[in-house]
Ligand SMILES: NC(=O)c1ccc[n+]([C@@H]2O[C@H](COP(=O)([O-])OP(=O)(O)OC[C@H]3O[C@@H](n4cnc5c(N)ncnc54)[C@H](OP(=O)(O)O)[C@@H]3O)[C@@H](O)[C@H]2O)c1
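Read the single chain below, which is given as structure tokens and is the form predicted alone.
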Amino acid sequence: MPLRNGVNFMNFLDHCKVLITGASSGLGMEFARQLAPRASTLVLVARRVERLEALRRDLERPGLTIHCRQTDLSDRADVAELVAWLASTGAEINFLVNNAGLGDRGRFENSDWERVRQMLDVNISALTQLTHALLPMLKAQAGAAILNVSSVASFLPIPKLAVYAATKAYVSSFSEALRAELRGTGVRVTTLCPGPVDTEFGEAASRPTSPDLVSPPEGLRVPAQKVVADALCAVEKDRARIIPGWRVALMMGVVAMLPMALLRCGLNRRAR
């Protein structure tokens, strides 16, 4: 099996100690379910602690330690408290899954500022703060990984998803730069860029007073189970980026090659 910096990464997930944000639903819950049979420690972080406790009961098994931490990632004091708790427990996290994210659909001018602020704090500030706080711990391990959940929305500006797409562009750019900085340290960084997935995210991002966006074609939807399985496989293979679903990956490959002047024509029509 291939070695990187003297560490065998092919079975990295076996006995890993992982922290997952946004673990109470959607992809975060699926990450917990798929990692539970292999990990030795799960730290599940979300606002809805009752959901975390129910998930803990489902996943409990001998040899697996599960911690549930109620944390509002849009509250910087809560994030700081989570970091302090990790330091006080002497936890040795070697896998950070920055999964939590908020969305908002509709025109920016009609957006609720508090909702926009929360989206910026969760999608950007909390992800960055947790990564910064845990990096010394991650670098101290024999091998470690960071998986940042971005989106295909990070590849281009999207009218009526303006702030959300911009936050995900930050996540993708930050992840690529951090990956370059950490080469040779034993800490790998992978960016997950899913397309449409059937989770609670779409419903939570919709505004009651605004018409919903047109639903994406069914052929572009990828099940949450596959998204997570592909992401974990990419981590073990030390891939920089993963776009689950060959149709979505092909479409984004084409979009990436189009000149911005041409893309603007489509974006302007979408905005109308």
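Just so it is clear, the model here is predicted, and its values are computed rather than measured. A residue's number is simply how far along the shown sequence it sits, counting from 1.
What comes next is about the form predicted in complex with the named molecule, which is not displayed.
Novice: Please determine, with the chain shown alone, which of 134-142, 147-155, 80-88, 176-184 has non-hydrogen atoms within 4.5 Å of the named molecule in the model of the complex.
Specialist: Selected range: 147-155.
Novice: Can any non-hydrogen atom of residue 92 be found within 4.5 angstroms of the named molecule in the model of the complex?
Specialist: Answer no; every heavy atom of residue 92 is more than 4.5 Å from the named molecule in the model of the complex.
Novice: Would residue 73 sit within 4.5 Å of the named molecule in the model of the complex, counting heavy atoms only?
Specialist: Looking in the model of the complex, residue contacts with the named molecule include residue 73, since a heavy atom lies within 4.5 Å.
Novice: Applying a 4.5 Å heavy atom distance criterion, does residue 188 contact the named molecule in the model of the complex?
Specialist: No, no contact at 4.5 Å.
Novice: Would you classify residue 197 as touching the named molecule in the model of the complex, given a 4.5 Å non-hydrogen atom cut-off?
Specialist: Judged by the heavy-atom cut-off of 4.5 Å, residue 197 is in contact with the named molecule in the model of the complex.
Novice: Have a look at 39, 46, 32, 231 for me and say which one sits with a heavy atom within 4.5 Å of the named molecule in the model of the complex.
Specialist: Going through each option in turn, the one that passes is 46.
Novice: Considering only 230-250, what residues come within 4.5 Å of the named molecule in the model of the complex, judged by heavy atoms?
Specialist: Contacting residues: none.
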